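Before any questions on binding or motion, here is one chain by itself as structure tokens, the form predicted on its own.
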């Protein structure tokens, strides 16, 4: 069973302050993942380590060489914290930096060297990826969000479980989480769907939904759940539906 899990940057960091890891939460998340670590690809958001420096340097709208270097260095630092926490929890894992293995075209993944990820999974190693800057054939450089990574990897590996952990109970409509959502239903609720707390340069909740609805069109269902509630990560990895289920139109 291949499982693709994303933990949002809002769980791991304080997105309103630069370089503000939530160390206790990183440790908790790692311990929950360690309960069901097999055949998991982990993607985590950049949080304040990525969104704030990216915005500072005008990325992705402005091509800024220093901004690329600084932003990548920052998100790689957060990734190292996550990898270290997982290691302390007993998980064999390795970081995979998107900047070094994929290429964008118009802000979308055009090519992605997946072979190392597949080999890691075969050998009992958890790949740990993150939102990152990346080179772009049309715009010179852009940002690849964790949500886009999840959709691409889940499609490539034909994942059995796809779960996006955020800091809310799912897709909220009128203050309450929807149990499920399809592409047809998106237009009805879209105006009420919020963005993201703190600085976010990748589209917030709407961006997540669009990525996952594309995945649902291919027959791969997913969920958006609250990873801030203890136990939810473990439940999601077991395949239990918590939060909002993203489904294909019937």
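Residue numbers count along the first chain shown, from 1. These figures come from a predicted structure and were not determined experimentally.
Another form exists, predicted together with another copy of the chain; not displayed. Remarks below refer to it.
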Given a 4.5 Å cut-off on heavy atoms, tell me which of 64-72, 32-40, 217-225, 178-186 is the interface stretch with another copy of the chain in the model of the complex.
64-72
Heavy atom within 4.5 Å of another copy of the chain in the model of the complex - residue from 83, 168, 161, 142:
83
Residue 156 versus another copy of the chain, in the model of the complex: is there a non-hydrogen atom within 4.5 Å?
no
Does residue 174 make contact with another copy of the chain in the model of the complex, using a 4.5 Å heavy atom cut-off?
no
When the contact criterion is heavy atoms within 4.5 Å, does residue 89 count as touching another copy of the chain in the model of the complex?
no
So in the model of the complex, is another copy of the chain close enough to residue 108 to count as touching (4.5 Å, heavy atoms)?
no
Contact check in the model of the complex: 19, 21 and 59 versus another copy of the chain, with a cutoff of 4.5 Å between any heavy atoms. Do all three pass?
no
Near another copy of the chain in the model of the complex, with a heavy atom at 4.5 Å or closer, the residues from 114-135 are 115, 116, 119, 120, 123, 124, 125, 135
